[in-house]
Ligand code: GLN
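Only one chain is included here, represented as structure tokens and corresponding to the form predicted alone.
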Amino acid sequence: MQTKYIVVTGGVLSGLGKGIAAASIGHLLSSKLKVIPIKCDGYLNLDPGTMNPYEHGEVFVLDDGGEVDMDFGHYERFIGVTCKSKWNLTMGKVFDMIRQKERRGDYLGKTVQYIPHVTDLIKEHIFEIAKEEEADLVIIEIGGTVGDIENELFLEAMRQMKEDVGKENIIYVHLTYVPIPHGVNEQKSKPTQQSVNLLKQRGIFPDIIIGRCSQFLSKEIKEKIARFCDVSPNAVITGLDVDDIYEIPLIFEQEGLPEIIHKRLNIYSPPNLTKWKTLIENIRNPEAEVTIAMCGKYTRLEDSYASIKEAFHHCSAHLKCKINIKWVETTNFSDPTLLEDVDGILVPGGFGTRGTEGKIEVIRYAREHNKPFLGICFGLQLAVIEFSRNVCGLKDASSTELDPSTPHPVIDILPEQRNVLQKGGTMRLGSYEAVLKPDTLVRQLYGAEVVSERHRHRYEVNPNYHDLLTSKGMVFSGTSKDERLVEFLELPNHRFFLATQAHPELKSRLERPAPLFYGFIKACMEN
């Protein structure tokens, strides 16, 4: 079977949900097809690894160590595929590859130009992925909106692809916005018309239009959009505002999107949504309710913790429990009474000194008041600092990241990383195995001796302090095979006090929640 391609573009405004739309399409077509997602981002960074979460949202880390756009979280959770960093093509990567090819003399003295050299490289990269993965279907999401100068070369490459693969093997899906102005109570098509016209000016004529709207699109508005945008009325699909993004595949199926794609691409891969629907029903009809304090410094932008929120959501589906998140900003934290009414406390990952003393106080409160606690990445390191100060008696214990002159560096950088200066190259990134100790909570939750989770950090629990910490009651329940690196820790006499150096939220799925999150929420329910 020749590889088929679906190109997803967006118009009118950013943040409409192209990633979720692309992931939902992939979910609907993945029962019999191998679906590979590719994201093209216009920014000039090589990857989002050095971007501020306030500006870009969460950085998603893959098994291979790639730091990629957060849409890859949607791809993995919806399609069930383990993505690769090669599948995130930024314009920074494109220009870097062009520069390297030019320096090698690959262009044989020619003047290197946007067209054909840059657009050819983009297409070659996509075709190479399709061949390597033996993909039946490749879904390509173009970041940003039509009209952005950053994505013009990606759009031109997508236009050219129709000639390269044949019009029977590629379709274009355009996500746009259908507003209902306050006081008018009428769905408006003009933004969609203008957005599609911008796309047509670039030589791309959409086959399917998804209209993001707070209501299902009326028959009249579908016909109007179809008339002005040269598509069939049944190819105008509602992208409904929903409280739960996992409902989007169900809405797309209800709107007939899979059948349209089957006919256009001459493929057949019927959706299998039985279990998906059951889990969504569990979320809609909870039998219990808990409140979790999320204690961090990026709480003003909830996308900074997108994968943690999704992991909670997955737990809701399996435990039939509504999970409320209480955002606690730790930058100026001084009032522990804020935590009295919560059922559990989570301290997520992060970098830098701001908010750390507040997080340490939060962890102390959880330990001393027997509140269920889960620490993620930096949360593990701060749990070690708190324990060192208040249980081991090391008053000035800290991390060399926070205090380079600390007399008790219980958290320190790996010796082999001390002289690495290039940002993005100094971290332990990607999937690493951990050996879990028998008769520990973490071993019970995973049900396995060896597990693999994804990492994104520079600093480790200092091996020089392992003996002291364990002698005072801390259990290193999961370590690297040589026992040098602490991957999981717990306090056995606590209701639930567990932390990991990894980011288990990154591998959580609706059908299969992350074990640590599942155990944490279960403990909060019992609390």
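What you see is a predicted model, and the numbers here were worked out from it, not measured in a lab. Start at 1 and count along the sequence shown; that's the residue number.
Separately, the form predicted in complex with ligand GLN exists; it is not shown, and the next lines address it.
A.B. asks: Could you confirm whether Asp343 comes within 4.5 Å of ligand GLN in the model of the complex, counting heavy atoms only?
C.D. replies: No, Asp343 is distant from the partner.
A.B. asks: Consider Phe387 of the chain shown here, and say whether it contacts ligand GLN in the model of the complex, taking contact as heavy atoms within 4.5 Å.
C.D. replies: Although ligand GLN is absent here, Phe387 would stay clear of it in the model of the complex, with no heavy atoms inside 4.5 Å.
A.B. asks: His503: heavy atom within 4.5 Å of ligand GLN in the model of the complex?
C.D. replies: Yes - in the model of the complex, heavy atoms of His503 and ligand GLN come within 4.5 Å of each other.
A.B. asks: With the cut-off set at 4.5 Å between non-hydrogen atoms, does Arg458 touch ligand GLN in the model of the complex?
C.D. replies: Result yes; Arg458 sits at the interface with ligand GLN in the model of the complex.
A.B. asks: Tell me which stretch of 87-95, 371-379, 307-315, 196-204 has a heavy atom within 4.5 angstroms of ligand GLN in the model of the complex.
C.D. replies: Looking at the partner contacts, the answer comes out as 371-379.
A.B. asks: To verify the annotation, which of these, Gly358, Gly350, Gly430, Gly144, has a non-hydrogen atom within 4.5 Å of ligand GLN in the model of the complex?
C.D. replies: None of the others qualify; the residue that does is Gly350.
A.B. asks: Only one of Glu156, Glu247, Glu133, Glu401 has a non-hydrogen atom within 4.5 angstroms of ligand GLN in the model of the complex; which is it?
C.D. replies: Among Glu156, Glu247, Glu133, Glu401, a heavy atom within 4.5 Å of ligand GLN in the model of the complex occurs only for Glu401.
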